[in-house]
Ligand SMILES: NC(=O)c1ccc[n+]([C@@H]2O[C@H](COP(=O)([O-])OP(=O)(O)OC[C@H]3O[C@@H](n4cnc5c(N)ncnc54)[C@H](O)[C@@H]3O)[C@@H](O)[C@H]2O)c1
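Only one chain is given next, in structure tokens, and it is the form predicted alone.
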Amino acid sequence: MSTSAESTSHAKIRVGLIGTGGIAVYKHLPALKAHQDRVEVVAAADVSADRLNTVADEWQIPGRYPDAESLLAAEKPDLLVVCTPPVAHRDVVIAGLQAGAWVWCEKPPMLSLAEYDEVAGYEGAAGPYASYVFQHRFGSAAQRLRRHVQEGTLGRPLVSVCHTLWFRTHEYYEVPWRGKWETEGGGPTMGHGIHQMDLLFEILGDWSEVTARAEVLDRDVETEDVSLAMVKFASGAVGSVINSVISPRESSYLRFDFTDATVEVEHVYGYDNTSWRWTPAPHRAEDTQVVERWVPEENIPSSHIQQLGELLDSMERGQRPRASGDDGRRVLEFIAALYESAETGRTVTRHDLARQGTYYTGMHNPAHVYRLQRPTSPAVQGATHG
């Protein structure tokens, strides 16, 4: 794809979609349609021909293929959007980069740091690049808060809270690839809380150490169904992180305490400015207009639409997009360290991370078995499952 301003003003970016399941239908295709003045979905691929044809008919996608390789060979798209289960990410992203396409891949980016680094080796010095879906970074409130931290206008960061308290039924895990290390790479830490944790680090910067626990409390899975972590940041701030798929009242909650303010956001799967609360410290409360100066003027929700727009801008400029390269690796590093801490019982520092070993080539030591915690009291058994 030419990246000159002249060519991109006349030609739409040609998009190939890999995977036509729920995340493609409910998030990616609407995002692509929202940018239809800039992109054209020329083809889709899926292992299920019935599902592929149903989705392609609904969204008027002309090209239809059984796999990424045949789509790439026939269509030569500029951008490949990857919506497959996590176990397929590595091969599809590499195939896209080798074919000269930029890639936008759903979370989690890869199943391990080793896979992530391998994929990065297929990027060109000036593109194509692989980037990953971390849409919560891109809402106006998060971006404004990030600037406040960079500028120091809220004071020094001190304490943070990052909760992904979601609920997934037992039936949810009947899908063969879910809840397994080999195909999903982890439990809610890897597949659900990764969005909030990415936003946490987007705001507060690099983490320096983590101490964690991970347990199986209710779901019949190989991985954890809940994890808890204490994290220290390079800035000296500290935080707590919880990831769960067993919490009936779902909530995605982040709180940032600075010397001059507390900033909070609570939502489930996406926010806008109304989801945020900005509270000045007592010594700033006398300034009645301080909050008005803190909050963003524009109300841009967190969304695939917003992230895709920035990705298209990066493509047209020929620049590395956000949520790629080292910027996309940071949260995956944290997850690897969290699992290592939970399984070894020790604090893991960022300096401990290596480009070899168990928690580099995977997120889990197979010798560590997560066992479902069964109630020992009949009364508790009845209260839990009655």
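Start at 1 with the first residue shown and count on from there. What you are looking at is a predicted structure, and each value in this text was computed from that prediction instead of being measured.
Form predicted in complex with the ligand: not shown, discussed below.
No member of the trio R137, G193 and I203 reaches the ligand in the predicted complex with any non-hydrogen atom inside 4.5 Å. Screening P296, P85, G309, P280 for any heavy atom within 4.5 Å of the ligand in the predicted complex leaves a single hit, P85. Only one of the listed residues (T361, Q36, T344, S48) places a non-hydrogen atom within 4.5 angstroms of the ligand in the predicted complex, and that residue is S48. Remark: F167 does not count among the residues lining the ligand in the predicted complex, judged by a heavy atom distance of 4.5 Å or less.
The ligand is not shown here, but in the predicted complex it comes within 4.5 Å of a heavy atom of I18. Proximity of E106 to the ligand in the predicted complex falls within the 4.5 Å heavy atom cutoff. Not displayed here, the ligand is approached by I23 to within 4.5 Å at the level of heavy atoms in the predicted complex.
Residues with any non-hydrogen atom within 4.5 angstroms of the ligand in the predicted complex fall in just one of 219-227, 150-158, 174-182, 256-264: 174-182.
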